[in-house]
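Given next, in structure tokens, is a single chain: the form predicted on its own.
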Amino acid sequence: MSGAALLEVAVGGIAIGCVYSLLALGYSMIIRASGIIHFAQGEVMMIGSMCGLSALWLAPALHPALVLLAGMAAGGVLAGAMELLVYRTLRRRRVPLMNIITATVGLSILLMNAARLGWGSEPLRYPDLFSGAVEIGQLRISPQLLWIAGTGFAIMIALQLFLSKTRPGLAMQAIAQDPDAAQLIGINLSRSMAGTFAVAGAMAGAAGVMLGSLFFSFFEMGFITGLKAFVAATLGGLGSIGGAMLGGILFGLIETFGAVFVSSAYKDAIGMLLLIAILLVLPQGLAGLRKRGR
């Protein structure tokens, strides 16, 4: 395989890795803040994808950035509502954490069936958001992949700035590190928790629009993608923001190159096998390397 072909494959792997990273960031943020493994995160992504497509149906000439914002808004509102109406109620009733995690599985099934009723059971294809190809010498890359990769990195950078430079972001980090101490200095726990879910949902919605525009939207699209994103979060180190970003990109590259050099039929198995191999050596994921180096 030529160098140009390898670079094309790498761009595709980075693009799909950005989708996994955005979802993995949501998993990590929610785990840090509440201890909940949010197994409905993939379905939040799916709803964001469906809503982005619906926005295009209503306004076919809508700019891709506005389509992305529609998906992010849908994902953020949905995830925030789930926290306010379901998870917060369960916590107030002192339901065990494992039961709350089980409730996330129930909500994922509920969302899949709701989407099936609302949008049907057939895969739905996005209209082409971009046309042509970017050519640099022998290199020929789809502008769709470049848009996904560039937007994905931009969202991740924006998230880092939000968490480190804004009062709501700093409050979310404080709650994640020590809820009791954060409340003592006047941080509203309930508001920050809902904000964390909303931000995680918005990133899932963005991932849904990206993935849907690359392939198609489908009521079951969130299951396997959400599982892969959870694997990516585990690979990076559950609860680690930087690890989630790196884990998603790495998993996307592993999966894409595995499909090219081994077989596309076994790309899922290749990624899982490499994950198991890495975790056998480094149980804390890639975040453990940083701790080990200190």
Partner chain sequence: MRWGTPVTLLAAALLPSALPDAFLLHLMTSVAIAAILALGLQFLLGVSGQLSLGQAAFYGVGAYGSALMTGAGLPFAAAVPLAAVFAGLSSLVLIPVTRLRGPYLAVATLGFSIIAYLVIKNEEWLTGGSLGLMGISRPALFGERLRDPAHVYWLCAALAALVYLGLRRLADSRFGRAAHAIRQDEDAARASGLRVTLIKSQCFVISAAVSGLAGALFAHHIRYLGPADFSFWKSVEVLIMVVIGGVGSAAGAILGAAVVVLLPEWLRAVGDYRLLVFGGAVVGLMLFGSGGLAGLPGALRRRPEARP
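Numbering follows the first chain given and starts at 1. Just so you know, these numbers come straight off a predicted model, no measurement behind them.
There is another form of this protein, the form predicted together with its partner chain, and it is not shown here; the text below is about that form.
Chemist: Counting heavy atoms only and using a 4.5 Å cut-off, do A65, M245 and V262 all touch its partner chain in the model of the complex?
Modeler: Contact check failed for every one of A65, M245 and V262.
Chemist: So in the model of the complex, does any heavy atom of V9 sit within 4.5 Å of its partner chain?
Modeler: Output for V9 is no: heavy atoms all beyond 4.5 Å of its partner chain.
Chemist: Evaluate V231 for contact with its partner chain in the model of the complex, applying a 4.5 angstroms cut-off between non-hydrogen atoms, and reply yes or no.
Modeler: Because a heavy atom of V231 falls inside 4.5 Å of its partner chain in the model of the complex, the answer is yes.
Chemist: With heavy atoms only and a cut-off of 4.5 Å, decide whether G186 touches its partner chain in the model of the complex.
Modeler: Heavy-atom contact with its partner chain at 4.5 Å: absent for G186.
Chemist: Can R140 be called a contact residue for its partner chain in the model of the complex at 4.5 Å between heavy atoms?
Modeler: Contact check for R140: no, nothing within 4.5 Å of its partner chain in the model of the complex.
Chemist: Counting any non-hydrogen atom inside 4.5 Å, which residue from I109, A81, A181, A158 sits next to its partner chain in the model of the complex?
Modeler: Checked against the cut-off, the match is I109.
Chemist: Of Q177, T102, S164, S190, which one comes within 4.5 Å of its partner chain in the model of the complex, counting heavy atoms only?
Modeler: That would be T102.
Chemist: Looking at 149 to 157, 69 to 77, 196 to 204, 220 to 228, which lies within 4.5 angstroms of its partner chain in the model of the complex, counting heavy atoms?
Modeler: Partner-contacting stretch among the options: 220 to 228.
Chemist: Would you give me the residues of 85 to 99 that have any heavy atom within 4.5 Å of its partner chain in the model of the complex, in order from first to last?
Modeler: Contacting residues: V86, T89, L90, R93, V95, P96, M98, N99.
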